[in-house]
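Taking the form predicted on its own, here's one chain by itself in structure tokens.
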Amino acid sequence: MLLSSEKGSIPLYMQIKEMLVAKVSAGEWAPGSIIPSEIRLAQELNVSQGTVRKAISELVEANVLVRRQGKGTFVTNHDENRALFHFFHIYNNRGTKFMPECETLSCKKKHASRSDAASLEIPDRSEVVRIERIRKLEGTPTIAETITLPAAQFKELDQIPTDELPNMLYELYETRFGITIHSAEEQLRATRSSKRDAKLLGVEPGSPLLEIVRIAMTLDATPVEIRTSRCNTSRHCYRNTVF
């Protein structure tokens, strides 16, 4: 990327930010890897260290990069802490959040519905991988979850035995398929349990549930996952802090 300081052009720090994002998106800098120092980047790009620092600071705020005291700046990767605090918003009625346990029921290839294809921005009838699982909180089945992924980007995911699929799927996406989830959009609505949900969650058919539909995206805003979670909120609630 050519940097330009001409009047009216994109500010230099924004150009550097776009360049860094491109390196992460292309996999040139892998999740968990350290990036060059601010001094080195400034020398390579022939700009001030302060300009580089401003670009990096904005990417740290956006959770693309993370600074580690005394070690350097790294590309963010998915670990248990990130999965729990950035992408999971279910608390018990005491205001405590736990990492849920997981039981995978099935993982199969199917043809995408029109709705799924539209959400994932793939052609109608494309193959998808659909995962069905139950998530338990404090030992109680609380969430019935359906996950839909484009099969073209998750080749042979359906060949992994269900008992070998990890609780933290985002880490699997990253390490096995080179796909990092960076952001997500969620829609919440009230619904009622189907007979299947009722059986899985141990509630009466027609009981109220909270349905959360999440579209998860990569750094370049490509949608790669639809996650529909149907939650029994008799002992739990959805809570998110907005800054």
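Residue numbers here begin at 1 and follow the sequence given. Treat the numbers as computed from the prediction; the structure is a model and nothing was measured.
FYI, the form predicted together with the DNA isn't displayed, but the following is about it.
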query: Using a 4.5 Å cut on heavy atoms, which of H182, R214, K54, R192 is close to the DNA in the predicted complex?
result: K54
message: Looking at S33, Q187, N63, S37 here, can you tell me which has any non-hydrogen atom within 4.5 angstroms of the DNA in the predicted complex?
response: S37
- prompt: Heavy atom to heavy atom, is L12 within 4.5 Å of the DNA in the predicted complex?
  reply: yes
- request: Please run the contact check for P205 against the DNA in the predicted complex: heavy atoms, 4.5 angstroms, yes or no?
  value: no
message: Just checking whether K155 would be counted as a contact of the DNA in the predicted complex - the rule being heavy atoms within 4.5 angstroms.
response: no
query: Might P123 be said to contact the DNA in the predicted complex, defining contact as any heavy atom within 4.5 Å?
result: no
statement: The stretch from 25-33, 45-53, 170-178, 196-204 that lies within 4.5 Å of the DNA in the predicted complex, judged by heavy atoms, is 45-53
task: Counting only non-hydrogen atoms and a 4.5 Å cut-off, give the residues of 153-188 close to the DNA in the predicted complex.
output: none
